[in-house]
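Starting off, we have a lone chain in the form predicted on its own, written out as structure tokens.
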Amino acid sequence: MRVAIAGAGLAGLTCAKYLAQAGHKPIVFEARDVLGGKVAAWKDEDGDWYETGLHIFFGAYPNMLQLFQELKIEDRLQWKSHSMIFNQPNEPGTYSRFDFPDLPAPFNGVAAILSNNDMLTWSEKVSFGIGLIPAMLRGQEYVEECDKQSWSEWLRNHNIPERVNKEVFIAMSKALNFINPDEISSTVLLTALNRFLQEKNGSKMAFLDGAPPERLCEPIVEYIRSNGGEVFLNRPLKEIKLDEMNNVKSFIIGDKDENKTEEFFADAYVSAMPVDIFKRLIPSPWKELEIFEKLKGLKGVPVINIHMWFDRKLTDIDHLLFSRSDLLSVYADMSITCKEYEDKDRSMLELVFAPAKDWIGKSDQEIINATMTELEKLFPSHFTGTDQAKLRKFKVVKTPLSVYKAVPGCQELRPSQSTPIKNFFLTGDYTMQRYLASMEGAVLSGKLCASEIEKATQLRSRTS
């Protein structure tokens, strides 16, 4: 069966990979000249990479890890020590660590929390631990029910002091969805905490050893092509054409290089585009259908990713760092954490600027100036005195509409991968799966979409 897929992000490529594995012929059309979607990256004039985001792989990403194994590229994941490291705003230049010992879950997580006395008092740890009991006992059912409230509301409803939010969860909320605890659905935080506490290596982190388009996406494309599929860049979906029954008749595909279009026919069709782009292309006869009507409530969150190259080493920490800054979310020295970006003498910091809604319209220089002010707090010894570190160059990557903004009530708006249209399917991290707006969510959605297409194929063959 021939399947047309619009979008070559992780969801679209994963869907195509599993369709090709099942013997189908996926044809992927990507609007841009780069693979990866939200994990896209480019080279600057010096040959240095800059990325759409700071991408972290967790031990609690089973579908992503399976994909690496199937592609035989597991060695491209650079695993770091099993720790979470936070800056100490009241003591500039210092850090507080949660180190997970080599114990079964949840004992390693409990030990990590109890052994950290910098950020939470014993009474705060106890009250927070008691609050988590329902999530650990009832699992995903309870987690889904909590989508009615923000994370801050969930903490208040469980009599957990606001200081717990300030010390730990502002940073985690911004890392998970680029927004603050007052906005984010408690389902997001509880999902992460459940995985971190119930899986021994759930919170262990890895960096890819290079740029995602080359080190992750290209191997998927090679697999697709070697199994009869194809992937085309610079080929945007312009229109979804319908037949007389309002099923998909064809995709109208553009060609950026030659400024023309072609009509592409397939047996099944998939949107692997971000939800905000897909909403603009929904055919009029579909707009009243509940599954598409609900998408009006899903909207991407603005994200700014910053790359800053300095003339010297600023840190020797080989890990992700939670800044606990008002303007920044997480950051890492990629010259240490990523093999391809290695520089023994100079740092390249990659930082996530969040929340970004008030900054997405500002100039790159304004954003860099604000970031430099924050770096004076994070690295005071390098940005005070007479011999200060110098910024050699920078790149600011703005994504006005990134992953869907996971505010309370979003869970019921998320669509399944199958739709009422018999030959049309959806994939993307916004579609319903337990890992929400994440790389794991995108990969799982692609796998689920391929499964739904396979089911439809088998049903068609039985009834024909």
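Note that residue numbering begins at 1 and tracks the sequence as displayed. None of the values given here were measured: they were computed from a predicted structure.
As for the form predicted in complex with a small molecule, it is not shown, yet the points below apply to it.
### Query
Which of 66 to 74, 431 to 439, 413 to 421, 41 to 49 has heavy atoms within 4.5 Å of the small molecule in the predicted bound form?
Looking at the partner contacts, the answer comes out as 431 to 439.
#### Entry: Partner proximity in the predicted bound form: Trp151 to the small molecule, non-hydrogen atom cutoff 4.5 Å
Contact check for Trp151: no, nothing within 4.5 Å of the small molecule in the predicted bound form.
### Message
Please tell me whether any heavy atom belonging to Ala11 falls inside 4.5 Å of a heavy atom of the small molecule, as the geometry stands in the predicted bound form.
### Response
Ala11: contacts the small molecule in the predicted bound form.
### Query
Within a 4.5 Å heavy atom cut-off, is Met348 in contact with the small molecule in the predicted bound form?
Residue-level check for Met348: no, no contact with the small molecule.
### Query
Within a 4.5 Å heavy atom cut-off, is Val407 in contact with the small molecule in the predicted bound form?
No, Val407 is distant from the partner.
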